[in-house]
Every structure is written in C-alpha cells, then in structure tokens.
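This document starts with one chain, in the form predicted alone, laid out as structure tokens.
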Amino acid sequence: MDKIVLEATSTTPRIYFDPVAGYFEISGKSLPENSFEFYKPLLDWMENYSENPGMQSALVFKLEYFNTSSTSHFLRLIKRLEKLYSEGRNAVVQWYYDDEDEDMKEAGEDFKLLSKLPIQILSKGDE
C-alpha cells in the first residue's frame, strides 16, 4: 500500500497518509470545490488500509479552517478508524486547534461526541 502525500493548495489541505507508520495527517484549509471528489480517494484508501492495518493508527487534524462539506468526510474517516478501535486495535484521533480559535476547538469536541474512538483535543502550543 502506497503512502499518499498531497501538498496543500489555497482550497485543499495537505494530506500525509503513511500506512507503515499508521499516521494520517490532514492539515491546512479544507474548502475544496467538490469535497466528494477530493475525499473519495482518501476514504477508499483508508478502507483498504483497514483490511490490513498497522499495530497503531493515528488520524491527526491540524486545520486552520474547513467548510461544512468537509465535515462529513472527516466524520467518515474517523468512523473508519473507530471500526478498527472497536476490533481491539490501537487507534486515536488527535485534533489540534490554535489557542485563539474557539470554533476549531469546539469542532473537535463535536467530533468527539460523535465517536467512541479516543479523540484528543490538543492546543497547537502543546505540539
């Protein structure tokens, strides 16, 4: 399974999905014109990863901003990891926010309420 590395644009986030390390990062701004088209390959990739996951998996969000249409795709990615967690795998989500961005912190807390997966809400100052 190949690593996915996509550089950020003005409307899409940086994507770094490393199956060997079990580390999946989405960072920057997520406001793609067609969010389904952008996130579908990542969701498919994560589904394939789930068939033979590593010992540990971490989905890391380091976002500055995201639009409403990105939200459902984030939740789908979280749910893919939640399935691994429910099967006894070591899986976690880390949601980073800027200390002055209360909306981003609240978004992470909302995802935490929607999942049985451990979601750590972390200040970017804690990195």
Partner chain sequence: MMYDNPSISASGNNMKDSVAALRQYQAMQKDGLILSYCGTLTHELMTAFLQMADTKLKDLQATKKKQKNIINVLIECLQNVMFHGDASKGDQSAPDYESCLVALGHETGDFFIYAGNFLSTASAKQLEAKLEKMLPLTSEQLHDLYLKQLSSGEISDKGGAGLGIIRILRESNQQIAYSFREISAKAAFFSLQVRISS
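Not measured: the values here are computed from a predicted model. Positions refer to the first chain, counted from 1.
If you look for the form predicted in complex with its partner chain, you will not find it shown, but the lines that follow are about it.
#### Entry: Distance check, T68 to its partner chain in the predicted bound form, heavy atom within 4.5 Å
Yes, T68 lies within 4.5 Å of its partner chain in the predicted bound form.
### Query
Can E100 be called a contact residue for its partner chain in the predicted bound form at 4.5 Å between heavy atoms?
Flag for E100 set to yes.
### Task
Flag L114 as yes or no: does it have a non-hydrogen atom within 4.5 angstroms of any non-hydrogen atom of its partner chain in the predicted bound form?
Within the cut-off, so yes.
### Query
Is the gap between P32 and its partner chain in the predicted bound form 4.5 Å or less for some heavy atom pair?
Yes, P32 sits close enough to its partner chain in the predicted bound form that at least one of its heavy atoms falls within 4.5 Å.
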